[in-house]
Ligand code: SPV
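Here you get one chain, nothing else, as structure tokens; it is the form predicted on its own.
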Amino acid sequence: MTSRASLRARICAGRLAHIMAAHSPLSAILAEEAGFDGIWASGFELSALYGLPDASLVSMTRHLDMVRSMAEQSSLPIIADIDTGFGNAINVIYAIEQYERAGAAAVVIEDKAFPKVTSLLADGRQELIRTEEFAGKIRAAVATRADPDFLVIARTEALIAGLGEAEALKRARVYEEAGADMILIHSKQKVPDEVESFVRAWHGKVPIVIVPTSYPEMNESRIRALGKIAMVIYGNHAIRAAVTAMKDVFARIRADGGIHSIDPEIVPVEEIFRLQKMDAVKANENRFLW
């Protein structure tokens, strides 16, 4: 079974999919080893990796290259965060062709205007395009995919933009009618109340995706109690964990005047060799080099 088929089967079976963000092939490998069900190829994390704001500055080519590299190193299904689809419906057609060829199992497209600003920024510009225009993007994506197991996930930012639950539900219904396989509802509230309210009010046939970055108390038991959520994305925890660890280690080295104290506390270089599959290199050297 392909990674796409396995993801779709999991969703159809009602088994909650836990998806971890990644910004590199290495972080994708670590997510798989930790037991996650899929990888979120995060635009936010990739932007941060390059030291750039999450404001449509990373090109499709850069993001696509990273998705392709992740797919080469991990067998997990990859959900590609393609922001607004890199333009209008014509751009979406091209994007779907490319991401499907690169090995993605799904894409998430959001109904913001291009260029976007990251959703969780305080007082950030949050402009949405017309519902009908975004529905056209979803129809284009669904019509373009070659593999019927490839998921098209419509993300509405109506709650992020402060437009309220009624607008979010209206948009979600239109996107479902346009052919979306799932609806991602996003919120920047510090408690999960408005997301839970949306989920309870949702009577569509397709399941819901959430990203509980701002409301971390939304754990698995609380998600399952709602009964309509099929996927939870941990949207930026890989890059935040990496920054936390590097800041701590770098500060310790400077404070200690060397690596003597920190070295026993970090993974040995042999663990990096393992992640790089250096044993395979050695085996091939013994087999093929004279």
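Keep in mind the model is a prediction, meaning the values are calculated, not measured. From 1 onward, residues are counted along the sequence shown.
Heads up, the form predicted in complex with the named molecule isn't pictured, but that's what we're talking about next.
Taking Thr131, Thr118, Asn91, Gln73 one by one, only a single residue has any non-hydrogen atom within 4.5 Å of the named molecule in the predicted bound form, and it is Thr118.
Considering the named molecule in the predicted bound form, the lone stretch of 255 to 263, 221 to 229, 23 to 31, 42 to 50 in range is 42 to 50 [heavy atom distance within 4.5 Å]. Heavy atoms of every residue among Asp54, Asp81 and His186 are located within 4.5 Å of the named molecule in the predicted bound form. Within this chain, Arg171 is remote from the site of the named molecule in the predicted bound form, having no heavy atom within 4.5 Å. The named molecule in the predicted bound form comes within 4.5 Å of a heavy atom belonging to Gly235.
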